[in-house]
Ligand code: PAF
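Given next, in structure tokens, is a single chain: the form predicted alone.
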């Protein structure tokens, strides 16, 4: 299977290394020519859960024309970049190809569908922990499943979905099909609204949240507000979301959340697609979400003074 991965962040690099190791032809698309050239020259270094470091050479391009058409395109950029990269999907995909988002937050599917249509789209989430240590150097910080499925309007067949799951499993990833992927996206959102902004503001690692009572109270309040919005929207998220947050924190205890990594690197975060979406959707249902609103404002205040390039 020929696979393109859009986005050279921690998770994009991790999937590129794993999928190539599983026997797939993998291409990484990086919109920054200077970073692309560095990855071409030096490859990618991955530090395993056991602390062993290995280096891998990868196909990297800054122009989709240099990649050609693919069977599968993984969209793994930050949520605020989805609209900008989506127009390259039609030229990257074969007519029978599939585009899969494995991003945080909600709203990514809509941006991709505007450029490609919904028919060849899949959506997914991953609970893996991966930390970017430097350009082209990442650390695997926590295990977790990858769940993918067909969102509304998708015409990807069960056979095609099974083949993609098989490719991810061959790469050593715990990939499973999710019959109701929209609920799964919200399950992940309920986790992110607590972990991401609180770690970004406090600089705590995921596992430290549980042992700092003040931080955990904020996590719990943000998750509860998001749960109430999900219920008002007629969704059926998994029971006891705070217990699920705790399990993710335990499984990725050493990991710095993606939002904390962005703040430390002086990059724009995904706050609008995570807590910001809870605020917006809460308004639609007449719900107040003061904790999520405050977290959104605080993160955006940090961004205003810190952000540089992505």
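Numbering follows the first chain given and starts at 1. Here the structure is a predicted model, which means the values were calculated and not measured.
Below, we refer to the form predicted together with this ligand, which is not included among the displayed structures.
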Is there a non-hydrogen atom of residue 133 within 4.5 angstroms of a non-hydrogen atom of this ligand in the model of the complex? no
Contact of residue 150 with this ligand in the model of the complex (heavy atom, 4.5 Å): no
Should residue 101 be counted as a contact of this ligand in the model of the complex, where contact means heavy atoms within 4.5 Å? no
Report yes if any heavy atom of residue 277 sits within 4.5 Å of a heavy atom of this ligand in the model of the complex; otherwise report no. no
Looking at 230, 195, 121, 72, which has any heavy atom no more than 4.5 Å from this ligand in the model of the complex? 195
Let me know the one among 273, 248, 60, 44 whose heavy atoms come within 4.5 Å of this ligand in the model of the complex, would you? 248
Assess the spot marked by 127, 252 and 255: is this ligand within 4.5 Å of a heavy atom from every one of these residues in the model of the complex? yes
Given that the partner is absent here, state which listed stretch (110-118, 185-193, 167-175, 154-162) has heavy atoms within 4.5 Å of this ligand in the model of the complex. 185-193
